[in-house]
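Just one chain is shown here, as structure tokens, and it is the form predicted on its own.
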Amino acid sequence: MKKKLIAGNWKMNGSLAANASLLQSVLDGSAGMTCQAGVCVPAAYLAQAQALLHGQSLIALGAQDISSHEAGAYTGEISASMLQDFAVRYVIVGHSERRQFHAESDSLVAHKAQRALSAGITPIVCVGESLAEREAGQTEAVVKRQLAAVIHTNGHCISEIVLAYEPVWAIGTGRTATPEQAQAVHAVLRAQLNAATAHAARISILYGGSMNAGNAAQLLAQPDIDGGLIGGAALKAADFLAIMAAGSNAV
């Protein structure tokens, strides 16, 4: 049975002082935990986080975005080779905020995942529906369409990704899918992956809709929820550690 993966997404938050305090507290409090963990930090803090995480193996370094281009005149973009320079293990692609505010298409997300995989970086591929899409009964169609683009572009390499289901209506709103609602969508995604690759069992599917210290254990107990993509709770050491503990104790 694969270990649960707890990945923090700091979004556009942090400072040199706050980052140092947060990471040191998480490192100090995580001794003996058995889950996998990572922190996806703003690009400006990759060097700092790399230095602070050096010498330990529990918490991996992650980035929040990657360019679909290798290099060139793409001001503000971050290439896979740049992320390699910081020994980045994970990178988030297709987060709902990127899809919404930067108009990222399913195709672009798929090519970003491809660029990460080609550099040996594990993409955390995000899929999820809006409240309007859920209320219209389109949840399954939306997440399957988003995942299908990644499968089509990446072929047999799909088994090397991490997938994250993040219902847009449950991100930063205080609302969260019930464990049963989350499991239902995870089961749909698992079936789609099973149809795409014989190695689907190795793919972790994370839940990314306001998982917190209070609901983590129930969510992580579901059969197809392999971890969490944590937003606000990842900025509080005690909360992130509580979720890591729930991931370590989940069976």
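Predicted model, so just to flag it, every value in this text is computed and none were measured. Heads up: residue numbers just count along the shown sequence, starting at 1.
Beyond what is shown, the protein has a form predicted together with a small molecule; the following relates to that form.
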query: Any idea which of 222-230, 65-73, 184-192, 47-55 reaches within 4.5 Å of the small molecule in the predicted bound form, heavy atoms considered?
result: 222-230
task: Evaluate Gly38 for contact with the small molecule in the predicted bound form, applying a 4.5 angstroms cut-off between non-hydrogen atoms, and reply yes or no.
output: no
field: Contact test in the predicted bound form: Arg115 vs the small molecule, heavy atoms, 4.5 Å
entry: no
query: Hey, in the predicted bound form, is Lys11 touching the small molecule, heavy atoms inside 4.5 Å?
result: yes
- prompt: Closest heavy atom of Ile171 to the small molecule in the predicted bound form, within 4.5 Å or not?
  reply: yes
